[in-house]
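Only one chain comes next, encoded as structure tokens, the form predicted on its own.
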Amino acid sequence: MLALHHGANSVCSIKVRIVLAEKNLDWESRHIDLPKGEQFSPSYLAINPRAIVPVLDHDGLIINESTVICEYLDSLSETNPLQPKSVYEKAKTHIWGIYTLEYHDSVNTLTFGSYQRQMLLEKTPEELEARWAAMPNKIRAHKLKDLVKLGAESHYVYVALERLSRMCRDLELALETNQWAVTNNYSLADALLTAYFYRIECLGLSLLWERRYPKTTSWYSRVKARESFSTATAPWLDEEAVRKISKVGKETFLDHSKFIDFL
């Protein structure tokens, strides 16, 4: 049995749910409420001491890191193979997977610099300090503290937008020679990238690609049209929630002149 410990609006959880849908695999949901801090509970830390989601439990075998989980899931079934056949194309797919570590850090920055910041500012200083203290990764805790304190004025935000702008440019270049990220067929690379574009769109920042990168804009429309996209997102994040996130994201970032070069 496949059981996924995941967060409703977690980018990496969405990534894995997309692959589960593409592979048509049955799985059991074990939802972790991230805003409530359930990832810091002793029971979850026993599963993943890093206090992050998702984690895959396959008959007692525990696997974390979302890209690795996606590769693992693809190997479980011959249905709709997502890895390309050639060794070179598999290598290119793996490179996209490595790049998603940077993309994740960047969308996490924008998230905590905007709507997550708004939620966390409702907590008392004592509650916030307890949250930072509970985080195993103290470097990440330092970054989040800075984002909650400064919002869009945090230097982390500028760096994140620079990285995500490069992501869009790199995909546009890849699409010059292929219909999809690696080949002329939808593959694991496309599934891995989709969740990051979705988070950017939810934050109201789709101008990152819509104004400059027509092939990337077309690519994103095509991945959103796939059944796996709605399966991975709709049950967990309704339209009203997306509107609220987008409203805060636009208010946070779009009025800052220092970001105009990216948007």
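This is a predicted model, so every value here is computed, not measured. Residue numbers here begin at 1 and follow the sequence given.
Just so you know, the form predicted in complex with a small molecule exists too; it's not on screen, but the next bit is about it.
**Q** Among Leu76, Ala130, Met119, Leu101, which has at least one heavy atom within 4.5 Å of the small molecule in the predicted complex?
**A** Checking each option against the small molecule in the predicted complex, the one that comes within 4.5 Å is Leu101.
**Q** Identify, from the list Arg140, Arg163, Lys92, Arg169, the residue with a heavy atom within 4.5 Å of the small molecule in the predicted complex.
**A** Spelling it out, the residue with a heavy atom inside the cut-off is Arg140.
**Q** Taking the partner as it appears in the predicted complex, which of 22-30, 209-217, 44-52, 225-233 has residues with heavy atoms within 4.5 Å of the small molecule?
**A** Every other range fails; the passing one is 44-52.
**Q** Using the partner position in the predicted complex, report whether Ile18 sits within 4.5 Å of the small molecule, counting heavy atoms only.
**A** No, Ile18 stays farther than 4.5 Å from the small molecule in the predicted complex.
**Q** Report yes if any heavy atom of Val11 sits within 4.5 Å of a heavy atom of the small molecule in the predicted complex; otherwise report no.
**A** Contact check for Val11: yes, within 4.5 Å of the small molecule in the predicted complex.
**Q** Test of understanding: in the predicted complex, would Thr194 fall inside 4.5 Å of the small molecule by heavy atoms?
**A** Outside the cut-off, so no.
**Q** Would you check, heavy atoms only and a 4.5 Å threshold, whether Leu237 touches the small molecule in the predicted complex?
**A** Leu237: no, not in contact with the small molecule in the predicted complex.
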